[in-house]
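There is one chain below, alone, in structure tokens, taken in the form predicted alone.
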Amino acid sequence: MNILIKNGTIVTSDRTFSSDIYIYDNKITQIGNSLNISESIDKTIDAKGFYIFPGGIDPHVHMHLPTPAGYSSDDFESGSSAALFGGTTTLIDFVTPLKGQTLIEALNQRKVEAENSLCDYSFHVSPIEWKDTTEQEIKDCIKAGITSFKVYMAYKDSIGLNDDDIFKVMQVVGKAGGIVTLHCEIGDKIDELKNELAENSKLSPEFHPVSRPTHTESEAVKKAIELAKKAGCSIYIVHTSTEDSIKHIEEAQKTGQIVYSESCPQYLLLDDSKYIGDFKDTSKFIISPPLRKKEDQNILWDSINKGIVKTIGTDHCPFNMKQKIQGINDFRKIPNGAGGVEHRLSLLFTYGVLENIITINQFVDITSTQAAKIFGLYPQKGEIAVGSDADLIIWNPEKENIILLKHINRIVI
């Protein structure tokens, strides 16, 4: 279909200007005024008064994730539908193999699970153990087009790696020119704290953040940076939530080390007061890392402006109340995760752009362009330019919506 978008205000990460856009065969072929179009136009859209953004890229989602509480409550079809409804046109999900399964086998299996996605997608692959074959398995994934690999510093009883194995992954990926993304929490310390709380019958949701204090994140961030520097590997810290983590990341960035930071709307907009109250109200906010203090929120917003935090993902991993209630007597059994993929852009536009905390160009940068650049999708994605994919959002800045708390499978506030 050939589409002409007229009279819109185009916003990219570095420019804002009025122009028409002509789309041919799903690609942007012309940008300008008084365009010379020889083909017949199938559809004309008048975008006067509206912004045109590159489609959002969410670099951190977990669709159809198996857990002891069952699969997360969005599969690729429902989750991608929510993403598109909110202006996100590309998702980056995860491949988490079973013990003994090769990475390429797990990748191929995950591709089948994602076939019903309504939007574009890619993957990070997670080595969950180091075997004699792991180095070659990583290389096989790179040949298949995967350049980012996720490791967990927590959850060592299931998918987490010890420091020595994380270093081995970093060496292989770094040598190949890829990037390692990291869930940074000191899992051993968290397990100790959880056990101490249980011994004292402190098992309600309010003790979830107590079991994962800020230093368990920031110490892991510091260690990850040190390992990456030694290994010569670029790294990407997912869901950064604390002031001290930001300090470590900023210090590394100042030395020229390639360390990217991602945060999420929940850490920018919510705080740990959400854990006080009835189970039905507090359990929906059981996520890891947990919600932090208002002071941490301020630091994160400031870090976006400084360019320390490069991207905003969602860590979209929703569960319904039937699943959450499995931990009604023990917060350790509450499946960790919440939704957000549908509302990421609207939340950042409302509480970032409209509150004059970030500019509209920064909004595009953190929701689309930087993720495209970091994960090898640019300029096909994350940009409005001739030759780029026509993944475009026509955004009405006057539109208002109310997010209802009862839809807990897809919201963060």
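Residues carry their position along the shown sequence, with the first being 1. Not measured: the values here are computed from a predicted model.
Omitted from view is the form predicted together with a small molecule, to which the following refers.
Taking non-hydrogen atoms only, residue 122 never approaches the small molecule to within 4.5 angstroms in the predicted bound form. Contact between residue 310 and the small molecule in the predicted bound form is not found at the 4.5 Å heavy atom cutoff. Of the heavy atoms in residue 62, some are within 4.5 Å of the small molecule in the predicted bound form.
Of the heavy atoms in residue 337, some are within 4.5 Å of the small molecule in the predicted bound form. Contact with the small molecule, judged by heavy atoms within 4.5 Å in the predicted bound form, is confined among 97-105, 325-333, 297-305, 280-288 to 280-288. Of the candidates 167, 130, 155, 275, 155 is the one whose heavy atoms come within 4.5 Å of the small molecule in the predicted bound form; the others do not. Taking a 4.5 Å heavy atom cutoff to the small molecule in the predicted bound form, the contact residue among 259, 180, 317, 221 is 317.
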